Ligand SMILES: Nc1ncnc2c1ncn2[C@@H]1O[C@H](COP(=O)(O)OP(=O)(O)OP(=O)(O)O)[C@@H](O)[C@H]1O
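Shown here is one chain on its own, the form predicted on its own, set out as structure tokens.
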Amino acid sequence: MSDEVAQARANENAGSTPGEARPKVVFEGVDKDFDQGGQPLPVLRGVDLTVKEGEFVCLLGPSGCGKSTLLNIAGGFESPTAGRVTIDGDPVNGPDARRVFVFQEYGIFPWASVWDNVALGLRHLGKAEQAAIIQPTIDMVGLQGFERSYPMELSGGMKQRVEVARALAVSPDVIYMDEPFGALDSLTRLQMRAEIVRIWQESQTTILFVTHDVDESIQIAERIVVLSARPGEISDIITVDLDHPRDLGSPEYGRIKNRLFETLGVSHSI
């Protein structure tokens, strides 16, 4: 481990100081092995990471490095082989309705309208209470006017907005996003990146976002956590101190991009 990475870890695990956001999601020495023909297959090793309340953090790394596995452990869908994850100081022992996932594959119901899809997690409320939540949420994700439309009538980007709206409607304290824009065309991805930043700025929800796209991570995250090839270990932690919307041609953007490529061991010249 480089001195720079060690210092980044030390800084971020030092806890909050007055005026700073408090720790929200904390990974402590997380290892994960899967069984492969009776033999352990190491997927994650020694992951220590603190995500603060209201922070937008990207997990970046090559395919198969354990990014999605780490997200599933945080969400309670997988158990670590060693170590633990806590949220607000409480151990994660299983899924929790206060934490929601947004996936690359659209999880919306094709037989339900936009309104009814967003209402899915609000069925315990009366109709008036539901409406008071659903309409502002639909407005927030830019789908006003499509409340009664069905998924087959929507573009890919609009379907992804429905899924984000459904997640936001239940007022989660953490949103886990697993390459949610991977199936979209390049122009729609750019638009959705800008939209998710805007939505995050309005909602101030803690977001953990998995991607293997270097530019995506720089464009949206406050911090980028780089995982090595399997077994995934934290190779670097980079704070992106750039205002939104971010200038893709700025020297600082280029510096961060070069550092990420160097950490990932990838040449970005053609």
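In this text, residue numbers run from 1 along the sequence as written. Remember, predicted model here, so these are calculated numbers, not experimental data.
Just so it is clear, the following notes concern the form predicted together with the ligand, a form of the same protein that is not shown.
Asks: Within 4.5 Å, heavy atoms only, which of 65, 208, 220, 238 is in contact with the ligand in the predicted bound form?
Replies: By the 4.5 Å heavy-atom cutoff, the listed residue in contact is 65.
Asks: Go through 224, 234, 43, 30 and name the one with a heavy atom inside 4.5 Å of the ligand in the predicted bound form.
Replies: None of the other options qualify; the answer is 43.
Asks: Taking heavy atoms only, is residue 52 within 4.5 angstroms of the ligand in the predicted bound form?
Replies: Answer no; every heavy atom of residue 52 is more than 4.5 Å from the ligand in the predicted bound form.
Asks: Under a 4.5 Å heavy atom criterion, is residue 179 part of the interface with the ligand in the predicted bound form?
Replies: Yes, residue 179 lies within 4.5 Å of the ligand in the predicted bound form.
Asks: Is there a heavy atom of residue 78 no more than 4.5 Å from a heavy atom of the ligand in the predicted bound form?
Replies: Yes, contact at 4.5 Å.
Asks: Is it the case in the predicted bound form that 34, 212 and 230 each bring at least one heavy atom within 4.5 Å of the ligand?
Replies: All of them do, each having a heavy atom within 4.5 Å of the partner.
Asks: Quick one: which of 241 to 249, 35 to 43, 22 to 30, 198 to 206 gets within 4.5 Å of the ligand in the predicted bound form, going by heavy atoms?
Replies: Looking at the partner contacts, the answer comes out as 35 to 43.
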